[in-house]
Each structure stands twice: as structure tokens, then as C-alpha cells.
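One chain comes next, on its own, written as C-alpha cells: the form predicted on its own.
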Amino acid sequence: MSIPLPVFIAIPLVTAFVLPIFGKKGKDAATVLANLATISLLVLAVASIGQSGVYEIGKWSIPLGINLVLDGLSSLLLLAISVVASAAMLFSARYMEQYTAKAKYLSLFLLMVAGMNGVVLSGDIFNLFVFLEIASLASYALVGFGCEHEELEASFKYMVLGSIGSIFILFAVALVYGNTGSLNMAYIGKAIRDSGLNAGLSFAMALFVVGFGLKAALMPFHAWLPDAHPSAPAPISAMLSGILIKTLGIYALARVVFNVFGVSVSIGWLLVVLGLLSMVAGAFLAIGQGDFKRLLAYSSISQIGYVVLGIGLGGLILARAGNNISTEQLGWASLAILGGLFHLVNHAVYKSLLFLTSGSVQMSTGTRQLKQMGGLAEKLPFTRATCTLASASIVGIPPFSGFWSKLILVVAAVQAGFYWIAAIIVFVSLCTLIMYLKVQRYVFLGELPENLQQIKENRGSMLVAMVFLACLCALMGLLVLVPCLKQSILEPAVKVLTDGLEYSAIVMKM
């Protein structure tokens, strides 16, 4: 491992504390510095692909000291975080001119990124909670950044429900420490592998599922998301939907379930059910929305269901087979988890792009209501093109990225004999097609209203950010089609989860 892991946390954290010094007069310099920080993280994340290792803070060896762990799964999430953060920060340079206190916004943004990177790299369960709280607190403030009634109400609701989720997680951490005498995830996994689960640890697992389920906005823990995502500034909506709910919710849940406690048949079924419920209910609720960003918010709930379904289905296959798993069953499980993780990365890109395009539309038209728009393809051709490409990706139209991850999930479900799950995946994809045809119909097609005759396209950094993500939507299918990319980026992440409790032995050898 050639990259010192603390730099992923130190760069955004130090920059976040430096930016307020610039004040109002130095907002341009602050914007440049913030963009340099996120681009640096992107370069480091790309460089970390294929690497692994353990960094001991202060040279204190585990389990006494705190450690950061880089493996295939954390490397994948670091890459996703840095890609979305770079695009959202670039978009913010122009978009956030309509708000005051831009330097404070940039500081909170980078504080959120530092927290997410810390969650992904943390090797002990308490510091995972600490970094989770850093990211959460920053996101609460960013949702209410506009300081209008809608934003403050949404931020308060998000904060209350997010705090409840944090309390569940903290109680679970205390129970784990009380039952194992350690906070290091590798040592906890070793203790559970040697002694098995007792009642206290089983209850802790239940608390983790609820706590991380709230952070991920899975059904039925989703109540905060439909208000928070529409109310936040567009770049923050992109961060929340694109990567925050996946890092604080899905990643943390997958890490704890697979690598610390060990996946069981009951937990596997629970994840499958939560995933299917989120997929179907989120899609139905999205179709009925008349607010552009609120439709995207409910769509996020539906799409996160695909990720949880894939991971849960893989875990269910592994748990059913137990120690006598065959090569064929391992292949089914790996394929399901590959589909879930690939959909996580795909959704991070195309949903971020959709929220950025919604921000561009709102900035030009002054409204989020679909029925107050129409005919914008004539006035906003680049925004329309990027929105259409992202819509094609999320629907699953070949050859765009969303098609491949959904196809992998369908194939995995069929191979494992879960034909009804494959049918539900196809059905929800059709529902997704309906909701994004609705977006195209009401936003870009039809007749242009009189009050929108003079609007103009948002160009500059906003357009560059949207084009960057649009190119990724078109090209990300290569991650599964090109063997060297698949082997270096996706397969190491899949192996981390399929290895299960072997995580502890692997970390101790690093």
C-alpha cells in the first residue's frame, strides 16, 4: 500500500476548516481550493484501485489502536464518493451563487466528504459511528442551507430521524463491545467466528439493521428522504441520493452483516424483502409525483432496493449453502452481489446527474413543478440531452450502464431459481420507464409556456459537471464488459463480501 490512508480524510477535513477564512470577498478562491480538494481525492481514489492494506494510527497495533483498512470494497466506495463529489463541487461553483455564505457551504460539503471517506476506511466499529455522525451532521445543515420554511422543516425531520438511527447504531456498538470486549471489526468477527452469536449480539444485529436502514432510507425507514432531497440545493441532493445513503447505510450494513457478524439465512431473507419492498413501493410513489425533485427522491428509494436485493440475494445463497458451498452456488452468490454493487456505482452516477439536471432546470425556470414546464428541449438542449441519457441509464436501456447491472441481477436470480424475483426486477424497470417518460413529457416536450420564453441554458462549470457524468453513464458498462476493469474494480469488492468472516484473518495478515 503506497497511499497513506489518512489523506482521504485529512484533505477534505483540513480544507473544510481553512475555507471560512476566505469570507465573502474570497469566495472565488475558496471555490477553487474546494474543487482542487475534491479533484485530488478523485486522483487518489483512482490510484488506490487494486491496492489493499492496514494503516495503524499512531503506530498502535490493533486491537489497542485505531486502524484504517483499504480493501476491494472500500476502494470501490472511495472511487464512487470522489467521482460524485468532484462533479457536485464543480456544479456548485456556479449554482451556489444564488445563496449566501458560500464558503460555509463549501466547508460543510467537504466535512460531509471527510465523514463518508472515514466511514469507508474505518477498521473499528466505534470510529465508523463517529465518521458517520460527522457526515450526518454536515448533511443536516446542508439540507437546510436555503433557510426557507421548506428547507428548515425538511432538515429538522431529517435530523430527528437520522438521530434516531444513530442512537440505534450506538446502542448496537455498546452491545457488541460488551459481548466481545473489542471495537475492532476484525477482532469482533474473529470472536463471533470462534464462539458464535449469543442473544446480545443477535439483538445488536437487529439494531444495526434498523439504524443503517434509516440511514439508507430503505422502506419502511424512508420517511425523511422525500422531504430532504427535494429541499436541499441540487448539488447536495446529488450527494445525498448519489452516495451518502449508500455509504452511511448500504456499505455500513453490508460490512457489518457479511464481515463482522456473518450473514445468516434470516438476515439474507430480510435484506431481500427490504430490497423488494423499497423497489416496488418507491416506484409506485415516484410515478404519482408532480414535483421534479420529489419524483427523483422516491425513485432513489426504488433504486436503492436493487442494491439491497442483490447483496441480500447473494448473502442468502451463501448462508443456505453454509460451509459446503459448491462452486456453482458461489458463482450465483458472487453474480448477485456483483449486480448489487455495480448498481450501487451506476446509481451513484446517473442519479447524481438527474439531480444536477433538475437543479439546472429549476435555476432556469424558477420551479420544480412538472406541469408548469414543457417544451424546454428548445431552450435547454444540453440539459435535455444529459437528462435523457441519465434517464435511459436508470430505466435500463441498452447499452447504458443501468442495463448491465439490472441484467446481472436478473440472470443471478434466474440461475439461483428465484424466478419471481427476476420478474419483479423487470416489472419495476417498466415502472421506472413510466416515471421517466413522464419527466420527458412534462419537462422537455410539448409547448413552451409564455413565462419561460426568455430562459437560457446554464453553461460553464454546471454544464461541464453534467457532461462529465453523462459520459460516465454511457461508458460505465465497460466495467463489466472489459475483463481487466472488472477484475481490478468490481471483483475485489465482491470477494470481500463473499469471503464473509474471513475478513478478520485477511485484515490481521495485512
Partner chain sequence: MPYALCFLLFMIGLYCAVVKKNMVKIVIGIMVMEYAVNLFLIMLGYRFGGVAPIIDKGQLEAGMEQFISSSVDPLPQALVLTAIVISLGSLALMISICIRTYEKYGTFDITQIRRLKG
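In this text, all values refer to a predicted model and were calculated from it rather than measured experimentally. Positions refer to the first chain, counted from 1.
Just so it is clear, the following notes concern the form predicted in complex with its partner chain, a form of the same protein that is not shown.
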query	finding
Interface membership of A199, its partner chain in the predicted complex, 4.5 Å heavy atom rule	no
Any non-hydrogen atom of P381 within 4.5 angstroms of its partner chain in the predicted complex	no
Heavy atom of F126 within 4.5 Å of its partner chain in the predicted complex	yes
Touches its partner chain in the predicted complex: L183 (any heavy atom, 4.5 Å)	yes
Site check H149, E153 and I167: each within 4.5 Å of its partner chain in the predicted complex by heavy atom	yes
One residue of K190, K102, R294, R255 in contact with its partner chain, assessed in the predicted complex (non-hydrogen atom, 4.5 angstroms)	R294
The single option of F403, Y177, W269, F284 touching its partner chain in the predicted complex, heavy atom within 4.5 Å	Y177
Location of its partner chain contact in the predicted complex, chosen stretch of 232 to 240, 345 to 353, 304 to 312, 168 to 176 [non-hydrogen atom, 4.5 Å]	168 to 176
Sequence-ordered residues of 288 to 326 touching its partner chain in the predicted complex, heavy atom within 4.5 Å	Q289, R294, Y298
